[in-house]
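As a starting point, one isolated chain is supplied in structure tokens, in the form predicted alone.
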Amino acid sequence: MADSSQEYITHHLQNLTYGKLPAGYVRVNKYDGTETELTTSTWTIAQSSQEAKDMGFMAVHLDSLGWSVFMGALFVWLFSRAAKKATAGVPGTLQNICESVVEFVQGMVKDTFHGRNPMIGPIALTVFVWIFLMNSLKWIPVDFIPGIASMLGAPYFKIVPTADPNGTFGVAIGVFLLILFYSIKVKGVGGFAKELSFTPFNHWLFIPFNLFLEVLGLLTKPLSLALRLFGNMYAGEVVFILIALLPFYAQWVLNIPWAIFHILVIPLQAFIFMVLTIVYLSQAHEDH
């Protein structure tokens, strides 16, 4: 039972990984233990967690990437549909939801962002809704989509992109690039360099110390964004998997309250990511 439980947990936490295995690599069939040696370098889907590790940095998590793109496309489709069917009369349900979200994000931008940039609102809206939709995949029972994928021949399949550090770091690095872009655009290359060199101590003797503090603070921004979101989503996913290992009656007793709890966690994590994005972009627009 312990071995099967461990295999179940490992299976549900493993991504569908596509990468390159070198020539001479020995692949072991996890079902019958037979070994096959590759004669040439091969791009393939990993059949075990060890193969996924051996594929290295250039491996791609197909499930995280696919669901991220799908939820992003869903966001664009829903809001474009609401915009095309918007009416000044009695609004429909979709229009009400979209307008409420837009007004909520607009209010947060007005309260938090202190510069002048018409792009901050759309950026904040995209970050909030996209992350919310990716997080919301956690409400789907943990065995449902992986079970379908297994019947179709996929060895592993995770559906929550934000429970994968590659997914959260992808979004966080995008925000980080925007921070650098607007810092240079607003302050100029020289102004941005001076800010890093003469903050917090405005003296040339402290330039090395200032650079260490400021560069470290700059690099911790994407780290804090990515790791906070990943940690919360991954922990929630692990709990759902552990609940699924319990007897059927215990699953219903625990699974429903935990899913209800995630009604708060899922939008909260999207909200925190959005607010920090606005704050960081606001700091990038401050011209001392």
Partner chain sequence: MNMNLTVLGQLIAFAGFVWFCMKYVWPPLVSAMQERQAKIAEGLDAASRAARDLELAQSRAAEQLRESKHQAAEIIEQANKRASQIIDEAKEQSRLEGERLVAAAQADIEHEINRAREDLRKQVSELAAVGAAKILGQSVDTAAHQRLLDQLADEL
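Positions refer to the first chain, counted from 1. Worth saying up front: this structure is predicted, and the values here are computed from it rather than measured.
If you look for the form predicted in complex with the partner chain, you will not find it shown, but the lines that follow are about it.
Among the residues Leu177, Leu205, Leu216, Leu152, the one placing a heavy atom within 4.5 Å of the partner chain in the model of the complex is Leu177. Remark: none of the three candidate residues (Ile140, Phe248 and Trp252) comes within 4.5 Å of the partner chain in the model of the complex, counting heavy atoms only. The closest heavy atom approach of Gly170 to the partner chain in the model of the complex falls within 4.5 Å. Although the partner is absent here, Thr87 sits close enough that one of its heavy atoms falls within 4.5 Å of the partner chain in the model of the complex. The partner chain in the model of the complex comes within 4.5 Å of a heavy atom belonging to Pro122. Remark: Ala259 does not count among the residues lining the partner chain in the model of the complex, judged by a heavy atom distance of 4.5 Å or less.
Looking at 65-73, 259-267, 34-42, 239-247, the stretch with residues near the partner chain in the model of the complex, meaning non-hydrogen atoms within 4.5 angstroms, turns out to be 65-73. In the model of the complex, Ala52, Lys53, Gly56, Phe57, Met58, Ala59, Val60, His61, Ser64, Leu65, Ser68, Val69 are the residues of 50-70 with at least one heavy atom within 4.5 Å of the partner chain, listed from first to last.
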